[in-house]
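One chain follows as structure tokens, the form predicted on its own.
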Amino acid sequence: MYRLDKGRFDEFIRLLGREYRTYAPVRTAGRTGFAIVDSAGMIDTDVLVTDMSPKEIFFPPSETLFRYGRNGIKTDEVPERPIAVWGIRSCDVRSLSMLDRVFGSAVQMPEDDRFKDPYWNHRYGSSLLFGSACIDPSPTCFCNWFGGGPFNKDGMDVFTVDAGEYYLLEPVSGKGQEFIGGLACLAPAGESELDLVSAIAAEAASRMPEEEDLKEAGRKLSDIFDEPVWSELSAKCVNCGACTFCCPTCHCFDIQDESQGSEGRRVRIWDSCMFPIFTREASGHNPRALSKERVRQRIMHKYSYSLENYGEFLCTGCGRCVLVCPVNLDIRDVLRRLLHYRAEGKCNG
């Protein structure tokens, strides 16, 4: 591990900015999200989980895929410098790994072909991720349900711990070691500092909720697909889509052509499976016209279909959807109810 005194944090961020477009948590009008920074003073170092996830760095809410006109098709120029992200939590790092399976190298049927989204790969493929330990997990955090934890390092390039007067940095990937290994603003961490990290990690782990056993979740959800419990759960949902837009793994999108005269552009924009129009066909028929069907689809996608397709849940336990839901439909309670549901129409909890 390396030690970075906070008095030299601004120097570090400026050095990072020479090679990378650097994103970090910022607060704007009371809301938090990731934005480009060029100095340490712009960074909100106190936020645990940002209101908006860092997926929008790599999968923007709206992006122009290409422009077209009488002279043919052209794409916009892309920035030359790769992306670095400071202060990204382990749950969000994991979400990017999940999205990379969807956009980076998605399996195509029937011959196991691979689709590689060039827009995603340009941003994510060369990125440098400075993951941040969660030293004080929120009551809405439940990453440990899915094998995560406050000090999980999977997918990071550099793991960082806020130790009060300084940061401790541990290279996790070769790319991370290559960047921080020769920086003059860093010094090797001592034994006492490593002991402090162990103590902080133990304290953070003790604040996590009791884990829920999800081993049979995929099978259980499939077994109760036609049960009335879905109507009971969806009765509370207003289908606002807030959960999908703040979720770090939701990736539904729409494609639209915007044109005027002989010029135009093709745009990819976020969409939501919670909206009635999302599955409405040109004929007017909608295979998921009811709220029950849309709520069920979202739950099945994250906790059943994703297991079949990718071997893991499409949820990281970040807790954002718990915080933003206007009717307090807590996904943890939903999962517990479904997992303990009995086919005769009763619930064990």
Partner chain sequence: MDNSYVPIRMRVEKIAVEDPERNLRTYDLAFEDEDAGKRFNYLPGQFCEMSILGKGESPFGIASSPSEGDLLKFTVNRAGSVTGEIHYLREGDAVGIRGPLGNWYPVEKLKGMNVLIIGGGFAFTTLRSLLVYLLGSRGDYGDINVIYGARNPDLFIYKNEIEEWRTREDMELHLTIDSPVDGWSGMTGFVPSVTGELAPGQENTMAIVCGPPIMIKFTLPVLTELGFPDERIYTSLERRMKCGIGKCGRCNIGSRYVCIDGPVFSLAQLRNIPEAF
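Quick caveat, the model's predicted, so the values are computed rather than measured. Numbering follows the first chain given and starts at 1.
Keep in mind that the form predicted together with its partner chain is missing from the display, and what follows is about it.
Participant: Is it the case that 31, 146 and 230 all touch its partner chain in the predicted complex, with a non-hydrogen atom of each within 4.5 angstroms?
Facilitator: The answer is no; none of 31, 146 and 230 reaches its partner chain.
Participant: Okay, which stretch from 39 to 47, 299 to 307, 22 to 30, 320 to 328 lines its partner chain in the predicted complex, with non-hydrogen atoms inside 4.5 Å?
Facilitator: Heavy atoms within 4.5 Å of its partner chain in the predicted complex occur in 299 to 307.
Participant: May I ask you to choose, among 266, 175, 153, 220, the residue with a heavy atom within 4.5 Å of its partner chain in the predicted complex?
Facilitator: When its partner chain is considered in the predicted complex, the option within 4.5 Å is 266.
Participant: Using heavy atoms only and a 4.5 Å cut-off, determine which of 165, 203, 213, 257 is in contact with its partner chain in the predicted complex.
Facilitator: Comparing distances to its partner chain in the predicted complex, the residue within 4.5 Å is 257.
Participant: Examine residue 277 and determine whether its closest non-hydrogen atom to its partner chain in the predicted complex is within 4.5 angstroms.
Facilitator: Flag for residue 277 set to yes.
Participant: Within a 4.5 Å heavy atom cut-off, is residue 65 in contact with its partner chain in the predicted complex?
Facilitator: The answer is yes: residue 65 has a heavy atom within 4.5 Å of its partner chain.
Participant: Just to confirm, residue 102 within 4.5 Å of its partner chain in the predicted complex by heavy atoms?
Facilitator: Residue-level check for residue 102: yes, a contact with its partner chain.
Participant: Even though its partner chain is not shown here, does residue 207 get within 4.5 Å of it in the predicted complex, heavy atoms only?
Facilitator: No, residue 207 sits far enough from its partner chain in the predicted complex that none of its heavy atoms falls within 4.5 Å.
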